[in-house]
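What follows is one chain in structure tokens, specifically the form predicted on its own.
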């Protein structure tokens, strides 16, 4: 067996582990911590497949790792049957893990800007923590529908260091600016030069951010969120244009986003494989 084949087999092998800790982050989001030496080696932007025994398997972005201890954390929003069952599980419960899968963010230096919407903040926090001691400045724009849905504000404050470098938006104005994340982004791009921009969140948001960065001719890397069933590019459920998000992404640069811009933020595949509007 070739080394590459061995590594793929090792990554894709289901390992069982036990939940170490469960922390409530909001009314709909909980953070789960467990041990898995393989996924603890993951880089920011990669994801794993988490199996809830007897229910289903779901893709999750990685929030944090402690490589030397083999510990990993993921944040899970209660959005359906599988996540609801997971939200009812407590420390000590058994789960299954495959991964890590996908590529990772390019870790640039200098003046860095990150934009996260909802649980799209998860892989960006992982990235920001890795960049915090290597960059000149980190600015983070985070958005949610309401104050109660804003996630990891304390962690974001720590990586941004200065208060003015963390910008929060809410749709209803209960915290921060009452607007979408793209509004302060447009202002920032007119005022400041960034060496690298990263984003993750709803695809409609990503498309708008892509259009703004293209206008200013700035580099962008976006982690896309699509339906993923296998994690290895076999089922095709996460296809966008010529790419399979789980295998070719989930992180795409501005050149790749330009190739799929007609489909980005407009349509996706459903569980039946049919293209539907976003």
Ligand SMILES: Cc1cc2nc3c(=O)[nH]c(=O)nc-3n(C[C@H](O)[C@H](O)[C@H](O)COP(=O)(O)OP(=O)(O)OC[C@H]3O[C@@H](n4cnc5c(N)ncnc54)[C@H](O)[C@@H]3O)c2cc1C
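Computed from a predicted structure; not experimentally measured. Positions refer to the first chain, counted from 1.
The next section is about a form of this same protein that is not shown, the form predicted together with the named molecule.
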Exercise. Of these, 64-72, 34-42, 51-59, 206-214, which stretch puts a heavy atom within 4.5 angstroms of the named molecule in the model of the complex?
Worked result: 51-59
Seminar exercise, completed: Assert contact residue (the named molecule, in the model of the complex, non-hydrogen atom within 4.5 Å, options 81, 88, 94, 187) equals 81
Exercise. Which of 196, 76, 181, 128 has a heavy atom within 4.5 Å of the named molecule in the model of the complex?
Worked result: 76
Problem set entry | Candidate spot 144, 149 and 169, all three touching the named molecule in the model of the complex (heavy atom, 4.5 Å) | no
Exercise. Applying a 4.5 Å heavy atom distance criterion, does residue 218 contact the named molecule in the model of the complex?
Worked result: no
Problem set entry | Touches the named molecule in the model of the complex: residue 122 (any heavy atom, 4.5 Å) | yes
For this session: Check whether residue 228 has any heavy atom within 4.5 Å of a heavy atom of the named molecule in the model of the complex, and answer yes or no.
Result: yes
Exercise. Even though the chain is shown alone, can you say which residues of 235-269 have a heavy atom within 4.5 Å of the named molecule in the model of the complex?
Worked result: 250, 268
